[in-house]
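Encoded as structure tokens, the following chain is the form predicted on its own, with no partner shown.
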Amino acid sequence: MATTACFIIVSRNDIPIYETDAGSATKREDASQMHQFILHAALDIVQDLAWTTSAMYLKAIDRFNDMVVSVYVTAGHTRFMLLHDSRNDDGIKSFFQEVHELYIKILLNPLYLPGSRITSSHFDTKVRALARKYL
């Protein structure tokens, strides 16, 4: 089954620092811009929910047509946002937890400036592999 998945990491200052299309479905020409628009529109909901709960995994916070926005908020208020059309909550939670571990490893790198774009090809490869595994 082909899935649509767009994953983005947004810093605490609302700046996108990483983005990838992790789905296996065929994409329309304007799909990338549409995915960005949907995810950025959900940032206000995330902002409101992040201060009302102590949970890191906020599950499905928004819907657009048949697509769902799931969010994971780190302790430093970095948001991991996933736009997807699957219904695998356990897989999505595991995906977020493992990406969080990868993100912590990036933060521990003394050459990485927190809040800057993540350009590591190793990080990108690992995230895409996790998306294939869990989504």
Partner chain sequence: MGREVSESCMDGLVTEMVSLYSTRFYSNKPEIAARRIEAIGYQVGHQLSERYTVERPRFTDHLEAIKFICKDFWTELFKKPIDNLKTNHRGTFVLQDNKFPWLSRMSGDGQSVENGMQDPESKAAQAMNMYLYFPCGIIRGALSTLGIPCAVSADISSHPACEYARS
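Just so it is clear, the structure is predicted and the values come from calculations on it, not from any experiment. Residue numbers count along the first chain shown, from 1.
Beyond what is shown, the protein has a form predicted together with its partner chain; the following relates to that form.
Student: Answer yes or no: in the predicted bound form, does its partner chain come within 4.5 Å of a heavy atom in every one of R12, A55 and H100?
Tutor: Contact check passed for all of R12, A55 and H100.
Student: Verify the contact flag for N88: yes if a non-hydrogen atom of it lies within 4.5 Å of a non-hydrogen atom of its partner chain in the predicted bound form, no if not.
Tutor: No - in the predicted bound form, heavy atoms of N88 and its partner chain never come within 4.5 Å of each other.
Student: Although its partner chain is absent from this view, report whether L107 comes within 4.5 Å of it in the predicted bound form, heavy atoms only.
Tutor: Output for L107 is yes: heavy atoms within 4.5 Å of its partner chain.
Student: With heavy atoms only and a cut-off of 4.5 Å, decide whether T74 touches its partner chain in the predicted bound form.
Tutor: Looking in the predicted bound form, residue contacts with its partner chain include T74, since a heavy atom lies within 4.5 Å.
Student: Mark M67 yes when one of its heavy atoms lies within 4.5 Å of a heavy atom of its partner chain in the predicted bound form, and no otherwise.
Tutor: Judged by the heavy-atom cut-off of 4.5 Å, M67 is well away from its partner chain in the predicted bound form.
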